Structures are given as structure tokens and as C-alpha cells.
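As a starting point, one isolated chain is supplied in C-alpha cells, in the form predicted alone.
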């Protein structure tokens, strides 16, 4: 049985947008119909894509997604402000249901695929503790947030794991002319992205000389299965940050289309998805291959 390729539009074309484009070009069931920048929302809507994949900063996501959902369009984003996800989820869920659309929120590797792994770990060991240790590596969301601070010409935010889910943020910045370093540093330290972790801000002459998109995560859960203690599961990843995010978002576009076909309208995080919906292929073949 053959199906028409899923018609994808990309909204926003930074590191994530470019990674999405590369992932679409390798997908047999997808076709890219256009790349649109932040001032081209109307042109995007006129194209009526099957799914819009958003490569915009997290703080722009909810308003952009809501506008697209009101047009009945399906969306996938990589919103990564963990503490804001429940609030944004509730807001977008109402809009998606009202307009019979599907929105997949926070479709990256963390939040995203790591969230699915944490959920599985908890199912296998209901009692226990899960530690998520990021890095060492560049955080795209934190880097974008630092760049948006008044007085910053360019920035790089590195995440350094200290163990047991505790992290240090190393923020390297170039200052714009005429700005005071201590004042800019104080703005960064009080930003939502940085105020929850130990953060060090360092002024450098050239951020690009430090740039590296490598990242990683070490997930570990220690706990109890039934009444048996000393159970332990680990996941280690070393990745190119934008490449993995773009690939996950393309997989979630596939899931959004299948959920629309089943009339499962609403906004979903990745722990609410069926893993089989992320995969290219027929259901029975995937079951035979993977079970």
C-alpha cells in the first residue's frame, strides 16, 4: 500500500531548522514544501502543509504554535523550558482540540526522547530515583537564551554535569560595545534558564573560537522492581545536539499524522505517544521486526 508523502514546512531556520531539513531529505515518507522565516507566517499558512516543524526559540513557540493550530495545521516543536511545559501543554491542548488539530510539544531529546526513557525506567522500577546528567556539551536553548540578553553580542552556554542530576552552566559571552559586564552578567544569572543552576559567566573576545555542538546525557535509575531492590538501568548518549533534535521532530511529524487520522486531537508531549507511531513503515511489519 502506498501513501502520499507527508508535506512538511519548516518555520525558523537556525541550527534546528537546518537539522530538520537534513532529516526530511533522508525520510522516504516526507517531502519539504518550504522553509519560512519568522516574518513569513501568512505565506506558510497559505501553503497548507500537513505538518509544520518549528525551529524557533522556545520563548516564541507557544504563540506561533497557537496561531498555526487555529488554522487547523499540525505542529511539532522543541520547546525546552522544562518548568513551563505543563502550562504551555494545557494552553495548546485547548486550542488543538477546538480546531481539530494535533500539536506535539517539546519534541527533542530532552525534553523528548529522554522523557520517554525516564517513563519506561519508572515503569520498570516504580520505587527509586532517576538522575539525568547532561553534557558536557553545548545547550542550544541556554545558548539562545544568553544571546537574547541585552548587551550580549554572542554567547555560548556549556552544561557541565556535577552528578546526581546537578549541573553547572558555563556561559561565555561577547559584550556589545558600551555595556557593563557585571550588569549583563546579573541579567543572565536572573534569567529563567540559568537561575536554577550554578552558573558562571565569563567574558571572552571570540565566542566562535569555543563553539562546539556536541552534547550528551547519562540517565541512570536505581530502584525496586516488585519487592526486589538493587535494580539499575543506565542510558548513555554522545550526540550532535541539533542533528538529533531535528531527527526526533521529523519522527514526531509522522506520529502527528497518524494521530490526526485516528482523530486524537490535542497537544501531546512525547511520553504520551505510541513509539510505533514515530517509525516509517507498516504497523504489522514493524511489529514483526521489533517485538
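Numbering follows the first chain given and starts at 1. Everything numeric in this text was worked out from a predicted model, so none of it was measured.
Form predicted in complex with a further copy of the same chain: not shown, discussed below.
Within 4.5 Å of a further copy of the same chain in the predicted complex, a heavy atom is found for none of 3, 35 and 100. Think of it this way: in the predicted complex, a further copy of the same chain has a heavy atom of just one of 209, 123, 202, 195 within 4.5 Å, and the residue is 123. Interface residue among 189, 175, 119, 160, judged by heavy atoms within 4.5 Å of a further copy of the same chain in the predicted complex: 119. Using a 4.5 Å cutoff between non-hydrogen atoms, residue 230 counts as a contact of a further copy of the same chain in the predicted complex. When a further copy of the same chain is considered in the predicted complex, residue 267 lines it closely, a heavy atom lying within 4.5 Å. With a 4.5 Å cutoff on heavy atoms, residue 93 counts as touching a further copy of the same chain in the predicted complex. Among residues of the shown chain, residue 85 is one whose heavy atoms approach a further copy of the same chain to within 4.5 Å in the predicted complex. Here the chain stands by itself, but in the predicted complex one stretch of 48 to 56, 221 to 229, 35 to 43, 65 to 73, 221 to 229, has heavy atoms within 4.5 Å of a further copy of the same chain. Contact annotation for 31 to 62: no residue has a non-hydrogen atom within 4.5 angstroms of a further copy of the same chain in the predicted complex.
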